[in-house]
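Have a look below at one chain only, the form predicted alone, in structure tokens format.
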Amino acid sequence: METQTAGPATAAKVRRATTESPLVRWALIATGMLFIALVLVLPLISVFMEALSGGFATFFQAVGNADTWQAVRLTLLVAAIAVPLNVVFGLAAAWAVAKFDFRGKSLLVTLIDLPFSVSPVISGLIYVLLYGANGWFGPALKELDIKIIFNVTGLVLATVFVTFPFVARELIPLMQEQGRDEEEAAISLGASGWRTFWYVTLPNVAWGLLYGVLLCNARAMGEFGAVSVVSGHIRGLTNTMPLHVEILYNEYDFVGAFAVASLLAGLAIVTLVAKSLLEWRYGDRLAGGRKH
């Protein structure tokens, strides 16, 4: 069969057919930048402007409040417990779904996606129904002197529920794309399951895992609906930073509310900066691991 080679004229036509004009490109870029400015950048700037509207003295007075620091500590504590739990679950679930065939795999994937379709307020009400004073397990827990609702334990449970899909959902497609060849090769060479996971699977998904952890941590620190239901809004005890912002705003302490909101936004910015630094420092290594 005779093979025809495309000439310069044909190549030029292909380029013209698949390349937009400069006007279209700049219009798309301008639209995207305008949307980002209106939806993301300007609201973020306004938070810091409102927080500093009363001056630095007022800002530091609001930030240095004992209730504010308790809310900050509680937010970090809940995230510090919920995120590692979701990392363990996410790794286990992704490994099981991507590397093994078993009955109920589709059901497991559906359950992983469940928090995406259930309102956080509903998830909080579910925990109240189960572990509240008049809930299913309430009397038994009271006999054992175990308190879940209106306690840090309830905040952690509610946060784990709304955030556990993030790590698993980042890792499942990545592991499925990589396949099982490397793991099967390692096992055939005598590696145990743990060594295979630690030295083969985990390095290949390191970047996806990091991204999932960042998303999970950001959602855990900013969660409002679920923790609002199970916290009881006990000032200085069970209020996380989002709940404390609501209380200050309802009390017309706008400077205080925006000051705490700026701290929460600052934590998010620190998370993004940490992600960028890790990407800059280890990007080549992590990208190389992802290609294997």
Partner chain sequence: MTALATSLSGGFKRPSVLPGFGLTLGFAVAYLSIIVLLPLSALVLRPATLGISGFLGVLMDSRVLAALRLSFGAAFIAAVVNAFFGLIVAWVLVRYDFPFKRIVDALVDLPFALPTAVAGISLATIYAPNGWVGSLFKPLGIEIAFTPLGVLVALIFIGLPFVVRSLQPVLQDLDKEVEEAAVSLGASRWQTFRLVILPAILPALLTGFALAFARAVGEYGSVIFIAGNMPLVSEIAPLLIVIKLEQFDYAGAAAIGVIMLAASFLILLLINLVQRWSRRHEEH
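Residue numbers count along the first chain shown, from 1. Since this is a predicted model, take the numbers as computed values, not measurements. Think of the rigid core as the biggest set of C-alphas that the two forms share within 1.5 Å after superposition.
There is another form of the same protein, the form predicted together with the partner chain; it is not shown, and what comes next is about it.
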{"item": "Site test, L77, I172 and G208 vs the partner chain in the model of the complex, non-hydrogen atom cutoff 4.5 Å", "value": "no"}
{"item": "V39 within 4.5 Å of the partner chain in the model of the complex, heavy atoms", "value": "yes"}
{"item": "Any non-hydrogen atom of L141 within 4.5 angstroms of the partner chain in the model of the complex", "value": "no"}
{"item": "4.5 angstroms heavy atom contact with the partner chain in the model of the complex for F56", "value": "no"}
{"item": "F35: touches the partner chain in the model of the complex, heavy atom cutoff 4.5 angstroms", "value": "yes"}
{"item": "Stretch 175-194: residues contacting the partner chain in the model of the complex, 4.5 Å heavy atom cut-off", "value": "R180, E183, E184, I187, G193"}
{"item": "Core-superposed comparison between the shown form and the other one, L267 Cα displacement 2 Å or beyond", "value": "yes"}
{"item": "Yes/no, S53 Cα shift of 2 Å or more between the shown form and the other one with rigid core fixed", "value": "no"}
{"item": "Pairwise C-alpha change, G212 versus I29, in the model of the complex against this form - closer or farther, 3 angstroms or more", "value": "farther"}
